[in-house]
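Shown here is one chain on its own, the form predicted on its own, set out as structure tokens.
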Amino acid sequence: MKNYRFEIAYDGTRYYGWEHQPNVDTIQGKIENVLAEMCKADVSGIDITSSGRTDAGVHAEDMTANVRLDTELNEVGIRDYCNQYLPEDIRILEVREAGERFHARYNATGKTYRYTIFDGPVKPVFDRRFYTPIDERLDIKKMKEAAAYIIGEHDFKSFCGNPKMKKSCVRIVDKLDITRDGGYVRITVHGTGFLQNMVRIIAGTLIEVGLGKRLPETVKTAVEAKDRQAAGYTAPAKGLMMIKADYN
């Protein structure tokens, strides 16, 4: 049995997130079912581990995962078998044999997420599943001012969607870029790790700043408060894309 590294892209619109759950479609569940058929094994013996657990409706451009398989197929054969039987909104981009100790989650040293908004007057049709529409034009200058208070090592409890979180909420956000391309506003965040809903709460808070509903300096207060009520709303899932994970 060998350890394989997968690079996976998916449109999360119709899935209940990455992690398998009973009686609902998930990314992990779909992939494990196909791998079980490929290996002629019981699905309970297949466990594919991703670099992160995306929520329902969240997408991935390149999600790294690893799984141990007993198969005679080579890496290209595994990829092609999966893509033949997976639904079209999940694609295996690459498969390669990994070291015995490689673990997609524990070995990740950083992650990049991108949140996409469209605030133009005519909303695009063909990528509507991948952005959050806003009816007013955002002030990205003020959003950038606010973003400066998020960068660094902080206790991000105010930006955690899990009210029962017992572990440390200290994380490092070392990059937070906000760019405009016509009506598209993209918030790109890189950090060592993220709490549940953290990027969506950051996006929601910055959207409120961009709409003039809060001043940029209130984001500093929100970080210091360590209180979920001090930060902004949780932006919709469909605007969020997991871009990639970093490995040494």
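None of these values were measured; they are calculated from a predicted model. All residue numbers are counted from 1 along the displayed sequence.
The form predicted in complex with another copy of the chain is left out here; the points below concern that form.
This chain is displayed alone, yet in the model of the complex one of I31, A60, V185, M198 has a heavy atom within 4.5 Å of another copy of the chain; that residue is A60. Taking E136, E100, E88, E72 one by one, only a single residue has any non-hydrogen atom within 4.5 Å of another copy of the chain in the model of the complex, and it is E88. Partner contact region in the model of the complex: 121-129, out of 139-147, 173-181, 121-129, 102-110, criterion any non-hydrogen atom within 4.5 Å of another copy of the chain. Another copy of the chain in the model of the complex comes within 4.5 Å of no heavy atom belonging to H20. Another copy of the chain is not drawn, but in the model of the complex it has no heavy atom within 4.5 Å of N162. In the model of the complex, K238 approaches another copy of the chain with a heavy atom inside 4.5 Å. Heavy atoms of A9 reach within 4.5 Å of another copy of the chain in the model of the complex, making it an interface residue.
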